[in-house]
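Single chain ahead, written as structure tokens, the form predicted on its own.
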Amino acid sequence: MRVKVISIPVLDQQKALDFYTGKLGFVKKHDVPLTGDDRWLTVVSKEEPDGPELLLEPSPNHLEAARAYQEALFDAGIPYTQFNVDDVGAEHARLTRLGVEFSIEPTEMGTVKIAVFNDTCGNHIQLVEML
């Protein structure tokens, strides 16, 4: 068993694609038109182009339960998912220069250093550096 695709709910797929590629540095992997304006839209890490794909899923636009869940997590400040990085401080500085807003600045917590940012698509995302 392997992880191939991980979904993240987004309110606007194009806005999410712009943020995840333009700010975070992911690369578009698949962009397949579905019904209406929906797309099978995935991005991957530049460092792992054959690694797990992040599906920018428009589920909050079609399922009230998904919208309520996403809003509840966001309002509580709970990250929807996390991305590992080699240096949280360096990523925080790079993303801040690009205008990304952080709700938690780089903070050591035991064996990790974390920071949390707003992906502008309805989610908080946690960066994690293993110490």
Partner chain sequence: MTFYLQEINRIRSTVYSNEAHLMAVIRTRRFINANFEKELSLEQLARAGFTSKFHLLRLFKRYYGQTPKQYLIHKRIVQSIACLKRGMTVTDTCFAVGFECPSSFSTLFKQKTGLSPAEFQKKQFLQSALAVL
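Predicted model only: the values in this text are computed from it and were never measured. Positions refer to the first chain, counted from 1.
One more form of this protein exists, namely the form predicted together with the partner chain; it is left out here, but the text below deals with it.
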At 4.5 Å between heavy atoms, only one of the stretches 27 to 35, 76 to 84, 57 to 65, 93 to 101 reaches the partner chain in the model of the complex; which one is it?
76 to 84
Full three-residue contact with the partner chain in the model of the complex, heavy atom 4.5 Å, for Asp50, Met109 and Val116:
yes
Does at least one non-hydrogen atom of Ile6 fall within 4.5 angstroms of the partner chain in the model of the complex?
no
